[in-house]
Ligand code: GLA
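One chain comes next, on its own, written out as structure tokens in the form predicted alone.
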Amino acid sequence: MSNIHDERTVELIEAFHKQFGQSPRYLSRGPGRVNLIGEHTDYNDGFVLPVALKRSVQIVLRPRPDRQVRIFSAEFGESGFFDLDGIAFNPEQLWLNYIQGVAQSLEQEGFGLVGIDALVSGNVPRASGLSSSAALEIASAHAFLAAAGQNHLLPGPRLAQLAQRAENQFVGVNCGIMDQFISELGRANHALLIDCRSLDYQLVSVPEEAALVIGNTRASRSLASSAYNERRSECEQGVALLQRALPGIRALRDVSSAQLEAERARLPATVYRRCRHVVSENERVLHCVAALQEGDLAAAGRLMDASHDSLRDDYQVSSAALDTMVETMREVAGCYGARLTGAGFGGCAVALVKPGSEQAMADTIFERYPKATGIWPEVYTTKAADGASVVDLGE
């Protein structure tokens, strides 16, 4: 739950008053996320284990008596406008489309919305693999529902699905469900095990002796989109070839490491390596859950290390910048394990560390990473945080 007296919220309320000449009624919040383990498993019907971040997108808003939506973006320094009866993709203001898409998705679900005046501000770094887009979608969904007096009528998992639908169908980005799910359903000091086939989920307690350090490589992710589509196609090819011997499988989620090795000869070498990553990564996620439940952070860290090595060698979605970041993290005393997080080719790496070692890791990253890459990084420290929230600020 956001503290309405914290400095950031006070500044947002003041900015809203300056922009719209009145006070906001509600504050909605959607956090970013980092995935502890389970990469490129989501579109293979597999398992993921993300946590919600303290960094979030916040929206302060006031309902309007009509169907007009007026929004000011603090980060972009510009205003956006649309009418709920005339929603249309805006090629000039891409950030506005995430909000429009959510409004459209909610109305398609049968929720009658009202217009709002809103000010949006986020401290989730964009294009970093920490899911600023899902944070914006979830914050927007709660903003619209709160304004319409319907915020408690939509179960969290369904709200996450509607936010995903907005990104898939309106914005045109073929994302999975993980980002919206964790932004909506995350809980402090817990990771969230998500079954990407059934959408069953389970909160997994993260021991007190664990903290997270996120290193943003700030390296270009220009290859991520094309490589994503290529890897997805290779996984589908692997399933089609394996089905000849394993007719009961629907996705790589259904294949064990033993089965994959037994049928290895059916697969081209590259396709085999792609499949080996996904199959072993699903197994690592479940082993990591067990390790966290047992309080065995050393084992959880080793699984994170193995995940990165597999993403680097078998799935080939790492980069020189990410490898440098991960190697730097692993050298710091107190680091249990580190891996890239997100689609790869740039963005962020995450390390599981002993509390108290965060500053030493940050100092080491700032000392070594720029010398190796010529890029100045960003470093964030966090623990698993709560998911989305709405606060009634009163009249």
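Note that residue numbering begins at 1 and tracks the sequence as displayed. Only a predicted model underlies this, so the values are computations on that prediction, with no experimental measurement involved.
FYI, the form predicted together with the ligand isn't displayed, but the following is about it.
Taking non-hydrogen atoms only, residue 175 approaches the ligand to within 4.5 angstroms in the predicted bound form.
In the predicted bound form, none of the heavy atoms of residue 337 sits within 4.5 Å of a heavy atom of the ligand. Although the partner is absent here, residue 228 lies within 4.5 Å of the ligand in the predicted bound form, judged by heavy atoms. In the predicted bound form, residue 29 stays away from the ligand, with no heavy atom inside 4.5 Å.
Only one of 325 to 333, 338 to 346, 363 to 371, 65 to 73 places residue heavy atoms within 4.5 angstroms of the ligand in the predicted bound form, namely 338 to 346.
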